[in-house]
Ligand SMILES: N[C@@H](CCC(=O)N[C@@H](CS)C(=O)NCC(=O)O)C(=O)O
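Encoded as structure tokens, the following chain is the form predicted on its own, with no partner shown.
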Amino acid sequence: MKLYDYKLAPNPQRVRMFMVEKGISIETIQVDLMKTEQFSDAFKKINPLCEVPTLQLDSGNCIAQVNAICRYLEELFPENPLYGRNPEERALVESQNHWVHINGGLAVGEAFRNSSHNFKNRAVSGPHDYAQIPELAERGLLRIDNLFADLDAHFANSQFMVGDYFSMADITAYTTINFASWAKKTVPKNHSHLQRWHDQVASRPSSKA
């Protein structure tokens, strides 16, 4: 297998953190997004969506999207499950992981891609061009503030995203909080529960992936 990666982007980091937590080693190939290598004819044959991460299987088939890649790897390497250890946990992890992605990852992308001059006419990732909408950037910043507050309230009563169990939902939340700095948003000083959790995850070896 080969993982098409870009070290600076948050979504590929989610897969790398997952791999470290699982003890998985896969050959990685860097696709330089700043040089727009994702739009090259060669990479479009691998992933027509022009996005990383992308996992290329030995069969030649390619899997795009973080959750699909990690689910596939979870099936291949079931030890130390990160999507839940029983049906209830699996449902809770899926729910929390989706919630953070929708209200966090997409919100940061909304704020950043609709305001950065580097993404003029590239407000949405993928093969198509979309104009920036300043109002979406403003809304994204508000959504980030709400995410921080909601997570702080959650961690007041929970060690991780799902009780005392470290999961894929924590990986998604951690990379999302870090991604928020791209939109010049950091954890507010009065959000001590969120900061406690973030420091805890940052101390794990996988956070350096």
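Every value quoted in this text rests on a predicted model; they were computed, and no experiment measured them. Residue indices: 1-based, along the sequence shown.
Omitted from view is the form predicted in complex with the ligand, to which the following refers.
Although the partner is absent here, V66 is a contact residue: one of its heavy atoms lies within 4.5 angstroms of the ligand in the predicted complex. Using a 4.5 angstroms limit between non-hydrogen atoms, F119 touches the ligand in the predicted complex. Using a 4.5 angstroms threshold between heavy atoms, G140 stays clear of the ligand in the predicted complex. The ligand is not shown here, and in the predicted complex it never comes within 4.5 Å of any heavy atom of N103.
In short, of 145-153, 22-30, 46-54, 159-167 it is 46-54 that has heavy atoms within 4.5 Å of the ligand in the predicted complex. Shown here without the ligand, the chain has A9, P10, N11, P12, R14 in 1-32 lying with a heavy atom within 4.5 Å of that partner in the predicted complex.
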